[in-house]
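To begin, one chain is listed below as structure tokens, in the form predicted alone.
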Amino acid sequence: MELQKPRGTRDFLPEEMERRRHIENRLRQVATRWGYGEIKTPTFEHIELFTLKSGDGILGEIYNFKDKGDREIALRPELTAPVVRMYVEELQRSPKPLKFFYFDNCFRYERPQKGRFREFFQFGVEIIGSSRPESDAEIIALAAEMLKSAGVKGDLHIGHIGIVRTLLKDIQPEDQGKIMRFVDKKDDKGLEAFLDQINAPDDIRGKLFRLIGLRGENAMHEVQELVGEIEAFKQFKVLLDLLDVYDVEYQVDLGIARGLDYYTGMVFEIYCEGLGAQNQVCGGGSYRLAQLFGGEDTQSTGYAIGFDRIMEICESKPEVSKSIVVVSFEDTRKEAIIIARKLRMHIATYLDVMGRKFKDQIAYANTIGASHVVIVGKNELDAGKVALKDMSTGKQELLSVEEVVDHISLTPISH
């Protein structure tokens, strides 16, 4: 029986893994330079962690099972809830703010399509413990910087849940949540039908549709006309002023809702061309989750980058790496192992493990694109040397192992 990988999963071969590690490390370096520390949470959690945050409706998307202790367990569908659970469990008394980043796989049972898989990867960032616009601005600027480091240019849209919710303050909280989900899905017809169902006042209805349709340069002036100088508007204005200082390009978009009740203030999404319908590569905002998980009410701000999506469009590529194949004969196998061990301290080194003849070892070096071949022959060894062959030029010279390392480190790579 021939076994295949489960639907919605992928195998990553060495060349693709090199690309992925290159971009992952780019993102990691940016987060570290901005003062964020890496964390890691379990691959599976108690299922309540996700249903408390997102409701029972998420059950259809979760890979869940009962363990041998009859506990209901879920593979993580996202990473924000585990991070907040970790904070509540272990770090509530730590000095604020706490700044974290993480990179891991997540699992959702949904229909696979371009840019969407059942096992997927997220790179995320969180600031826990600050409710000020400065933390919101830093998070957005960091997201933009990360994408830039990966060679990705996105279209940044920023909204504010607090402004929209202020307009809905006289509507029942559970109905507000449903309204926000319609807004998030851009489902104007569904929203209109629901507003009819709850008998929403015409004044609120008109202002809501006008507010969530606001985009671009004049949006803030119109927002002020609709809601006045409320606190959420003031904070949003400070945030936008700070983003100008960061030199971040953005578009005000009050139609962003993120669709989850725990978002409380600023929300943002970044879109990129070349991904079809699944063109959002990053999304986040300010939220309150700690209290839901048994902790103190704590403001947080964060985002997640869809790593698989940026891998489809990123322009940054790893440098072509050098590699050596150590070629030996039947009577120099052991010496070749010793030489390969020394070379591996400095450069990727391949050694024949197939018992190939000399010419077949050379052919293998060509096949894998080795930059050089080190020939370990009896005559060379008697002279305390090896023969170094440049595979791009065919030039060959006798050198010591130490001279081989120096020579290759100074030799540019031929493309």
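This one's a predicted model, so the numbers in the text were calculated from it and none came from an experiment. The numbering used is simple: start at 1 and walk along the sequence shown.
Absent from the display: the form predicted in complex with the RNA. The rest refers to it.
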{"item": "Option from 37-45, 343-351, 23-31, 371-379 whose residues, in the predicted complex, bring a heavy atom within 4.5 Å of the RNA", "value": "371-379"}
{"item": "Contact label in the predicted complex: R333 to the RNA, heavy atom within 4.5 Å", "value": "no"}
{"item": "4.5 Å heavy atom contact, N105 to the RNA in the predicted complex", "value": "no"}
{"item": "Close approach of M391 to the RNA in the predicted complex, 4.5 Å, heavy atom", "value": "yes"}
{"item": "R165: touches the RNA in the predicted complex, heavy atom cutoff 4.5 angstroms", "value": "no"}
{"item": "The single option of H157, R116, R132, K99 touching the RNA in the predicted complex, heavy atom within 4.5 Å", "value": "R116"}
{"item": "Partner-contacting position among P95, G276, G216, G228 - heavy atom within 4.5 Å of the RNA in the predicted complex", "value": "G276"}
{"item": "Contacts with the RNA in the predicted complex, stretch 63-84 (heavy atom within 4.5 Å)", "value": "P77, E78"}
